[in-house]
Every structure is written in structure tokens, then in C-alpha cells.
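First comes one chain, alone, set out as C-alpha cells in the form predicted alone.
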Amino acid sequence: MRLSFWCELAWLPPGEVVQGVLVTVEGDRFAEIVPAVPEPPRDAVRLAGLTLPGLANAHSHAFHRALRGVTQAEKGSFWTWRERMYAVAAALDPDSYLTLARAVYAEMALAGITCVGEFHYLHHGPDGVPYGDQNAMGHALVEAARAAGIRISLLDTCYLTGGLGIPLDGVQTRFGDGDAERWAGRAEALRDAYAGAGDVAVGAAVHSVRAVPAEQIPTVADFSHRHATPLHVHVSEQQAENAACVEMYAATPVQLLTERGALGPRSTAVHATHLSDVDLALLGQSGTHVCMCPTTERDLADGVGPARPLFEAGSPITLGSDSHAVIDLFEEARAVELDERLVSGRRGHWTAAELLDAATAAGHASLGFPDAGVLLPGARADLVSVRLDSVRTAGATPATAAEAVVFAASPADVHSVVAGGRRIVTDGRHGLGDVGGLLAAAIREIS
């Protein structure tokens, strides 16, 4: 099927806003990108405002969406927040997780996200006993993403201990497979189930050095190396994590992951907030992506990571909404710049083009879709159109459109989304209908 879209403005490589761009789609790929077409052809769908490649949410825990607002009524800490999160995890089964995740992914689509990296560790039944299909929860997430119309990189997570040297306890038993070999066997079955599926990538994740003993990490890394698939890991999110790791292993988390073969161009270090100079150099020299999740990092009072130094050292930067305190990749992007302004006392660390690249091409590449996130012939046909006439963006010109979107737009300004050649959002409305209602019903079900 051949479709045409005429973009009033489009963000084209190498990071320029171009007027009057005609985009032709065949199947799930771009066939042609033609700039300087002054008027839309009769058969083309007109896309007003600025059209971007699809956004990639490189770090998601879908079930955390049920916590939005709940944890703001108390002071607490990361660790008390975690107890609330465990309560939600205890309430889910494959059916209720499908219902919740479908609504969460539809919310992402409304925000312009066409691909999600789901950091998935909620594997088994509430008592830790596997379901009849040991990947039932993973299948629910894939079904949810497909229903919402977005691609998924299902980052199947190895989670073996409740802390350094501490066995899993309580709801944590749902997360564990016993050891990395048994995790790998289950992950292989999951990967086989989606072999050849163009909309699903099955990757791997080490939850953290707290949750996977050092001797088990190479098995997870080997899965990634053998299948050339993404490998993600929470890294140095908390200073307490660093201190415990140094005490047990005489190495920081980054050093330990380096020694165990878990870093490299297919790897992504999530957060990387509290790093030494050596850590920063190791991440950069290995080409490891770093996923910044500023809205979650500030919500949990984790701190501000050294995004610009990491980027300059050689680590591509990506973005994630993580706990879904909000789902807004424009906010994640501008927060990378604005938070660094607060820490440094100066402006101008990142250009709008660099932040858009983090939200698009770099994010897709880190999730195993290097052929997405860019408006070029042959790339995956994802288009996200953002209004430039709302109360937030009014006054933008072609010369300032990218800056207006990055530093002022919100998901409310996204009016059209095409994912894989299929239009899933039209006039700001998702094909599933009332997504707010779907979210409310799903959260009530598990509350």
C-alpha cells in the first residue's frame, strides 16, 4: 500500500527544518522524501506544524504508571517508593498487565512515541512459580504494544537477588529465574517466539549489580553477543549502590560490568547518575549508550547525571520515561539541558538538534532498530507531527521550530502519529479511543 504525506515542516538529516516535504510510504518503509514541494498533492495527507521521526522511549517499566500521583503524598525516599512499586507488582497477572500496558503504550503513542524499550522483570506468578507459559507476562507486553500500534524492544531482565548477597524475598520472587542459565533458557524461548517479527525485538537486561551477582553477568552478556541484541542495565542510580558494590567487589558498577563483558555499542547504561572519571571514560570508550530519565531521576531525588561529558567521551545519549511520573519525551529532552544549567550555572550545553537525535535515531538504535528514527528512504515509516499554533508553540517560525518543540511543546501538541506506515493517532486521538478512560479502568482493576 502506497501513502503520501505532505509535511508543512519536517526535520530532516543532518538536523535541519525543511519546508514543504512530501513523504511517500510503501508498507512500513519510507519510499521517497522530497523537499521543497510548495503545495500538497491532491492525494497526500497534510501534516501541519513540524513533523519529526518517531520518538523512542528507551526505558520503560509499564506497570509503574499505576504509581503516578500515589507516591507524591509522602516524603519518603527511593527505597520507600520501591515498596509501593512492589505492591503494584504483586497485584498483576497476564490479563491485568495486558490491560494496563495497552493503555500505557497508547498514552506513549499520543506523546509521539513509536517504539518502547520495556525493561521487563515481572516474569512469574505472585509466589514465584512460573505460569504454564513461562513467558506469559512478556507475551502480554508484546500484545499490548501491538494493540497500541507501536514497536517494542522487550528487554528481558535477569533479576536474581534482592541486593548484594541478599536472596529474593516476597514479591521479588516473581522476578527471579534461579540463576542466569535458567534465565537464558527462558529468554531463548521468548526470542524464538518472535523470530522474524518486524515489530518486536527481544533483548536482554541485567537489572543491576545489586540484583545479578558478578559471576552471573557474563551469561546475560553472552546472550546479547550471540544474538546481536540490545543489553541494558541500571547503573549507579544511587550512591548507596556504588558504595555497596565497591565494598563487595572492590570495583564500581561500571568497572564490574566492564570486567564481565557487559558494556559496548549494543549496551545501554540506564541513569549513570553517580560516576567517577574512570567510569565515565569506560562508558565512553566502549561506545555504551547512556539512557537519561530526568523526570524519574528528579522525582526520586536521584541526582543529575553527567550527560554532556558522557556524550563527549563517546556515549550516545538516549531518553526514557522510566517510572512514568510523566510520559513526555519533549520534557525528558529539555530536562537534559535545563538540569545541567541548574548544576553548572550556565546555559547552552545541548542544541535542539542534539536532543532530538537522542529522542529519535539514538534511542531507536539502542533498542535494536537502527533503521528507525530518521526521515530517509528505506527507514521505518514513523512520523510524528507537532502543532506550532498552540498556546505553548505559537509564534514559532521555520528557523525556530525545532527549538520551540524541544523547549516548549508537550504531548498535547502531538496531533498525528504514523508508526510503521500505519496512522495510529489522528487529530490528537488514538485509535483505541479514550485512553484516559482505559488507564483509569486498568489502574482501578489492580488497586
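Fair warning: this is a prediction, and the values are worked out from it, not measured in the lab. Residue numbers here begin at 1 and follow the sequence given.
What comes next is about the form predicted together with another copy of the chain, which does not appear here.
- Only one listed stretch (154-162, 297-305, 284-292, 228-236) carries heavy atoms within 4.5 Å of another copy of the chain in the predicted bound form, and that stretch is 297-305.
- In the predicted bound form, no residue of the candidate spot (Ala48, Leu52 and Pro370) has a heavy atom lying within 4.5 Å of another copy of the chain.
- A heavy atom within 4.5 Å of another copy of the chain in the predicted bound form is found for exactly one of Pro167, Gly132, Gly178, Gly345: Gly345.
- This chain is drawn without another copy of the chain; in the predicted bound form, the residue among Val278, Ala147, Val246, Leu338 with a heavy atom within 4.5 Å of it is Leu338.
- Interface residue remark: Gly15 is not counted as part of the site for another copy of the chain in the predicted bound form, having no heavy atom within 4.5 Å.
- In the predicted bound form, another copy of the chain stays beyond 4.5 Å of every heavy atom belonging to Val34.
- Remark: Ala379 does not count among the residues lining another copy of the chain in the predicted bound form, judged by a heavy atom distance of 4.5 Å or less.
- Contact annotation: Ala73 falls within 4.5 Å of another copy of the chain in the predicted bound form, judged by heavy atom distances.
- Residues Glu107, Leu110 are the ones in 107-142 with at least one heavy atom within 4.5 Å of another copy of the chain in the predicted bound form, listed in sequence order.
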